[in-house]
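Coming up is one lone chain in structure tokens, specifically the form predicted on its own.
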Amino acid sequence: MSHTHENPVGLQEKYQRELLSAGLLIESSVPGVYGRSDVFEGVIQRFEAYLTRNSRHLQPEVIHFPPILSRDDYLKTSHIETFPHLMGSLHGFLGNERTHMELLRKREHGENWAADLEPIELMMAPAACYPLYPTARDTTLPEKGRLIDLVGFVFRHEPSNDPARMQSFRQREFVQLGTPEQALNHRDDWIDKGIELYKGVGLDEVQRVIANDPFFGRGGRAMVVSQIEQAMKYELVFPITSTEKPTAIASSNYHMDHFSHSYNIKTTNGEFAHTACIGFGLERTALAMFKKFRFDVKAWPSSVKTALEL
């Protein structure tokens, strides 16, 4: 008996064409970089407000960061070792009038003018929580730890025609800094809460899976095994374009004391703090909703519109 299997790439490109034709996404000259229509942004804004209403009782600190962080702070993380293929480094022109003329000459002749640029002190943020940890540098946390609600654009250099794999996108994160118990409780509670929240807006197909990050290189394979064995990362997945390979629309990570060692963040007992976060992919959540309920928001189920206050 023969079995038909989905072609995930074909399904991804089909959904991309549908979104572009409907005007929900606006194509650019670079794969994975889009403009977003008012309707698309409206769904994201309503979902964010929904998250805010459902987390207000926790009284988190609310912080907004730009999509960049200092090069020095970036290098205090392990991102350059584990995800070099995804990083984004900012460069600028630091020359004089003579070198500027040489840069223009290279551009005119189709030569590599970008080679005349130099690294500046900034990197693109690869996760919304990365700019947070340096702000807690050399501090002792209160006894209850710290719960932070933050949102930011992040950058990952992975050009793709899959609309769910954008190079620049937003994460809404809830981050706990505290004892190991506080961090693990946060991770576990928010996985359950995340499923509940997604079901509250009609995404009943969402499922929790133990996951791993796309670590780079030979050493990365051992890290994948370790991460899965220790169940340090969970994802909430939804079949945006494929039921065989559903897409992560949220993820929850337990970092142990990785970030607190880098920035000397301690608990009241003098030990290095542990951290955990859950991140909701805002564009991916919108893509999941448009996939399930289609493109006319006014025709969405009344229960979904009520939950989102559409």
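The structure displayed is predicted, hence computed values, not measured ones. Residues carry their position along the shown sequence, with the first being 1.
Unshown form predicted together with another copy of the chain; subsequent notes refer to it.
Q: Could you tell me if Val209 has a non-hydrogen atom within 4.5 Å of another copy of the chain in the model of the complex?
A: Contact with another copy of the chain, no.
Q: Just checking whether Ile63 would be counted as a contact of another copy of the chain in the model of the complex - the rule being heavy atoms within 4.5 angstroms.
A: Yes.
Q: When the contact criterion is heavy atoms within 4.5 Å, does Ser168 count as touching another copy of the chain in the model of the complex?
A: The answer is yes: Ser168 has a heavy atom within 4.5 Å of another copy of the chain.
Q: Does another copy of the chain get within 4.5 angstroms of any non-hydrogen atom of Glu143 in the model of the complex?
A: Close contact is absent here: in the model of the complex, Glu143 is far from another copy of the chain, nothing within 4.5 Å, heavy atoms only.
Q: Counting any heavy atom within 4.5 Å as contact, can you tell me which stretch out of 79-87, 197-205, 174-182, 232-240 lines another copy of the chain in the model of the complex?
A: Of the options, only 79-87 has residues within 4.5 Å of the partner.
Q: Are all three of Val9, Tyr50 and Ile191 close to another copy of the chain in the model of the complex, meaning a heavy atom of each within 4.5 Å?
A: So, no: the whole triplet misses another copy of the chain.
Q: Only counting heavy atoms and a 4.5 Å limit, does any residue of 7-43 reach another copy of the chain in the model of the complex, and if so which ones?
A: Residues within 4.5 Å: Ile26, Glu27, Ser29, Val30, Val33, Tyr34, Gly35, Arg36, Ser37, Asp38, Glu41.
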